[in-house]
Each structure stands twice: as structure tokens, then as C-alpha cells.
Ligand code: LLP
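Encoded as C-alpha cells, the following chain is the form predicted on its own, with no partner shown.
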């Protein structure tokens, strides 16, 4: 994609997001290849990137959507996704968001507490409707990822604890305006090891057997997502390890006849197809550091400041072979506005064009106007 960016460099205002639609389509094709012939349904996590052009490609590939706000529901409807492919998750759904889900006829609310279940039942009853729900289970599995994106341990706010699950499930089955579709799980994000998914399958199998012994067979199981991407070597690993990921569930999950398994993938679909393009404003030397100061900042890509995460950085215009160690920083009035410490780059000068890779997920969608900055624009390449 870099040569295409350079061909259009005069037309691009930085900072901006550049997306490789060919890579996105190849990624979606890889997913559909892996799930073909299996009772698997993949939902795209809209929170990763809600750009309308991205959503159009994902809809055309036949995926559903995983939604976490009322406005995401509206966005999915506007993008043409059918309600039968919509799942609404989130630990804090407001009344108007629940109403929006019911009005849109979404397939499933992923319910995270007994009180939420009661509220959904009451709102559905007021409207003479029935709400499809799955109970989100906190399986108490540590995915060994960043503590901010671990969601499946007993210390996290998400899901219903295992000791409480029987009681909440019994309540759901008693409610006249609730249709219990199944169980929902999600153990975290940016998971690079297969083992946590194997542990999840074992936990799901135990619960399925437990409820089957009680005469309950669910129509669906939502196994969540969390598959990570290679931020350090994105050019060598452009497509995530979908084969290994889905193979775990093919091998380890005891799916009942007629039962569907749903997945929620976000980062692994869109991360590698997007880069954040930026220009060098200044190169600054101190007594101990060399700084490259970009026109992009934490308002455009928050992940490094929020998580301490690292994205590979490429100088697209330097023709120097000598490497220099820089701290690559942004213009925001915060000391946390740092993209990378001790980054090896070719000799860099004011005006150079820099690409921050693997920025297609949680880049544009988390951008803000802090310091009254403008939101970054987006451009697309075929």
C-alpha cells in the first residue's frame, strides 16, 4: 500500500487513516474459508472500527455484527445489517438502548447481570415484545493479556459469576418476555496463545453438560473473540491466525446437533488493513534523547498512551540508510502522548511522511477532539 500512499501524497492531509481494502477482503475470505461447513457464525465487533466503508465490506462478506451501544445499533441498521445477525453486548445498557435493540428486532441481548435481565423483560413487556437473550458467563479464565483488556476473570466487571449462573438462568426461563437463546463468553482481547481458548472450550463443555443433564439444550453458544494480531511484524503476518483459532473450537468444543457457535472478532479483522499516516513537524535533540515530533498524536491513535502498546513505525520518505534511535511523540500537551520509545528509524527530517502500522482497529474509533483537534480523515486503496 505504501507506493499508493506516496502516489497520492500531495492529496493527503495528515494525520489521516489509510485503509487497504484488498487486504481487508483477503482477511474476510480467510475467515469464511475457515468456517465453511461448520455451524459457526462470525460477528464483527463494530467498536473496533465503525467506518462506513469498512462496514460495507464486512456486510458484503456475510458477517454479522457485535454491538455495544445504541448508536452502534443505529450504525449497523444504516449499514444494512439484518437484525438476525445483530448481538448487543455491554455491561451497562441504558433503557433507550434496550428499546433501540427491541425496535430493531436484534437477535440477541448478551445479558450481564440479573438486574439487567429484569429490566429487559420489563421493557419488552411494556412493548408487548419478546427479547432474545444470551447470559454472559464470567468463566474465571485468565487470558494473560493486558489488564485493561482482560474480561473473563472473577475480578472483572463483565458477566455473571459461575456460582450465580443457575439462579439467573432459572429466572430467565421463568420470564414471559424473555427467550433464552444460550450462553455468551468473552475472556479478553489481543490473545496470542491458543491455550486460553482451549480452557474456555473445556469450561463451556462442562456447562453444556450440566444444563443438558437438567434438560436444557441451548440453540447457540457465543464463544466471544479476542484473537490477537502481530503488531511487531505486521508486514510478515498481515492476516491473523484464523486457522489455529477456529481449529481449537472445531477440536475441543462439544457442539450439540442443531446448535450454532457465534464468535465476535474485531481487531483480527481490521487491524492490519489500516495505517495512520503522519508528517514530521520537528526533529528535536535533548541532552539524552532524539525526538521525532509528529502531527499525529494520542487523539488520533490512543492505544500507545492508554495501554503502553507498540505499533511498528515506518518512515516512508527517508532515503537514508543510517539508523537513529528516536522517541516518536505527538503534539498533545500530555507526557503520555508517545508512540514509541527508542524506535530505530532511518535519519528523519522535518516533512518526512511516517506510517504507523496495524492501526485499523481501535484507532479511528477511539479518536477524540482533545485539545480541540480535528478528527482524522480516512482514505481507501484498492
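Positions refer to the first chain, counted from 1. Computed from a predicted model, the values in this text were never measured in an experiment.
Absent from the display: the form predicted together with the named molecule. The rest refers to it.
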Among the candidates 278, 299, 189, 138, the residue which, in the model of the complex, approaches the named molecule to within 4.5 Å (heavy atoms): 189
Proximity to the named molecule in the model of the complex, single hit among 101, 182, 274, 225 (heavy atom within 4.5 Å): 225
Touches the named molecule in the model of the complex: residue 366 (any heavy atom, 4.5 Å): yes
Close approach of residue 262 to the named molecule in the model of the complex, 4.5 Å, heavy atom: no
Non-hydrogen atom contact residue 266 with the named molecule in the model of the complex at 4.5 angstroms: yes
Interface membership of residue 19, the named molecule in the model of the complex, 4.5 Å heavy atom rule: no
One stretch from 251 to 259, 173 to 181, 283 to 291, 303 to 311 that, in the model of the complex, holds residues within 4.5 Å of the named molecule by heavy atom: 303 to 311
Residues from 19 to 56 in contact with the named molecule (non-hydrogen atom within 4.5 Å) in the model of the complex: 45, 47
